[in-house]
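Before any questions on how it binds or moves, here is one chain, the form predicted on its own, in structure tokens.
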């Protein structure tokens, strides 16, 4: 299947526990569900994506490899040659690894939770994206709000606060759903389960928005 850009999608965040691995794997599930050949690069020393792949019963719909080293951007072109799409599950709080993930990516997704603390915690990640853009002019990036709780005042206020930042925020948000944790525990994505339609829909919306992004981050 012919790939539409961006081919390499990197998920980075200095702050841990924001759902970066969950988004990486479910985006990979979406693209592989379309028939694409997908590679997930686990660049996190904790190896969460690799652990997911070992928990799975049966063959994975996409390849997962571990590469928690700061030269991903140099090695990735050769590694990705046989794949239509690459998802990089970046490392939190490791500057050399984050920098390499940024330089390897065509589009960078920065997951944030609907909390004022996450706005304050994103400054370093944003700064690193801007720095990477000085070396890679066509790099695009945006926030994605993850674990949003529907119909709450705090969720609406935080979405508005992120929207007011110079750094773009995706219109698609991912909600707090038990199904994501259930899938992770058995090595599956929401696209493996017939009763995960709501989760499938929001991951699909996010993936389509990533693919059709045209505007790069403001400078």
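Positions refer to the first chain, counted from 1. Every value quoted in this text rests on a predicted model; they were computed, and no experiment measured them.
The following text describes the form predicted together with a small molecule, which does not appear among the structures shown.
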>> Even though the partner isn't displayed, in the predicted bound form is residue 38 close enough to the small molecule, meaning a heavy atom within 4.5 Å?
In response: no
> residue 34 near the small molecule in the predicted bound form, any heavy atom under 4.5 Å?
Replying inline: no
>> Can you tell me if residue 186 lies within 4.5 angstroms of the small molecule in the predicted bound form, counting non-hydrogen atoms only?
In response: no
>> in the predicted bound form, does residue 177 come within 4.5 Å of the small molecule, counting heavy atoms only?
In response: yes
>> Check for me whether the small molecule, as it appears in the predicted bound form, comes within 4.5 angstroms of all of 5, 75 and 105 - heavy atoms only.
In response: no
> Ok, 9, 196, 207, 18: which has a heavy atom sitting within 4.5 Å of the small molecule in the predicted bound form?
Replying inline: 18
>> Between 181, 55, 69, 65, only one gets a heavy atom within 4.5 angstroms of the small molecule in the predicted bound form; which residue is that?
In response: 181
>> Tell me which stretch of 80-88, 140-148, 126-134, 97-105 has a heavy atom within 4.5 angstroms of the small molecule in the predicted bound form.
In response: 140-148
